[in-house]
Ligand SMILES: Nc1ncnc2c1ncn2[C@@H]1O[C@H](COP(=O)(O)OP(=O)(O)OP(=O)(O)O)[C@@H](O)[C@H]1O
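In the form predicted on its own, a lone chain appears below as C-alpha cells.
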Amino acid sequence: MAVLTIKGLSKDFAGQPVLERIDLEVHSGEIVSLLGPSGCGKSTLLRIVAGLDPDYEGEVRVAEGEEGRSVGVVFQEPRLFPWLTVRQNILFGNKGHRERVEAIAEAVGLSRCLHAFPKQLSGGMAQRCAIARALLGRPRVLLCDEPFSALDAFTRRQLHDLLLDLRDRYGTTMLVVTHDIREALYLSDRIVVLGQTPSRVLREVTTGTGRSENEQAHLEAEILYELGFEREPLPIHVGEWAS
C-alpha cells in the first residue's frame, strides 16, 4: 500500500525550475533514499512532503496516521532546545504522548539520558533525541534530511543500524535524503536517483539483499555513472564473483 504518493511534482524558485514532474510512490514499511548532486532539489522535495512549502504544482498525498500525524521530520542538525532536558525535547510538540517517552527513549538508546541537557550529549546522542521526538507521535512517514552528514563514520553506521531497527520494530516508512551512495545502499529498499536542475528522476534502483561486495560496488559505479561522475561500468552477472 502506498503511504506516500507524489504525482507530477514541479517546483520553481523565482521562475527557475528546480523540480520537474517528479513521480514517486513509497510503500508501507519501505525505506527510500533520494540521491543526487548538491542543489538538485532533494531537500526541497522533502519540505514539500512535510507541508513546509505549499507553493508547487502537482499532487502530494500522505496517508493519515493512526492519531492524525502524517509525517515526522529529522533535520541535518538535531535542533534541540538547550534549556530543555532530553525528556522535554522529545515531548516538545508531543504533549499528548507522555506515556510513550520511556519506550521510545529505550528504542533509540537514551533511557539513561532523559534528565540530561543537550550540551551533555554527543552529536550522535543528540540526533537520537531528534529521531525519538520525530517518532513519538507515530507518524506514517519519517522524513530524514541528511541526518547523519555531520557525524563520524562509526557513529553514522550505528545510527544507520538504529533506523533499520526502528523500521523493523515500528514498521515506520522512511524517505531519506542523502549525498552518500554507500549510505543509500546500506539503508534503502529503493534508491531514487535525481539529476541536475531542473531535477527529474533519472533512475530507481532496487537494492535487494544478499548482494556480494563486488555486486554492491558495481551498483555504486552504475549510480555514479548515472550522475555523470564515472565511465559506464562493465556488465556483471549474479554469481560471477562467487568463487
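The first residue of the shown sequence is 1; numbering continues from there. Because the structure is a prediction, the values reported are computed rather than measured.
The next section is about a form of this same protein that is not shown, the form predicted together with this ligand.
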Looking in the model of the complex, is this ligand within 4.5 angstroms of a heavy atom from every one of 2, 23 and 140?
no
Report whether the minimum heavy atom distance between residue 13 and this ligand in the model of the complex is within 4.5 Å.
yes
4.5 Å heavy atom contact, residue 18 and this ligand in the model of the complex
yes
Is the gap between residue 38 and this ligand in the model of the complex 4.5 Å or less for some heavy atom pair?
yes
Would you check, heavy atoms only and a 4.5 Å threshold, whether residue 43 touches this ligand in the model of the complex?
yes
Only one of 43 to 51, 213 to 221, 25 to 33, 183 to 191 gets a heavy atom within 4.5 Å of this ligand in the model of the complex; which is it?
43 to 51
Contacts with this ligand in the model of the complex - residues in 144 to 178 whose heavy atoms fall within 4.5 Å:
146
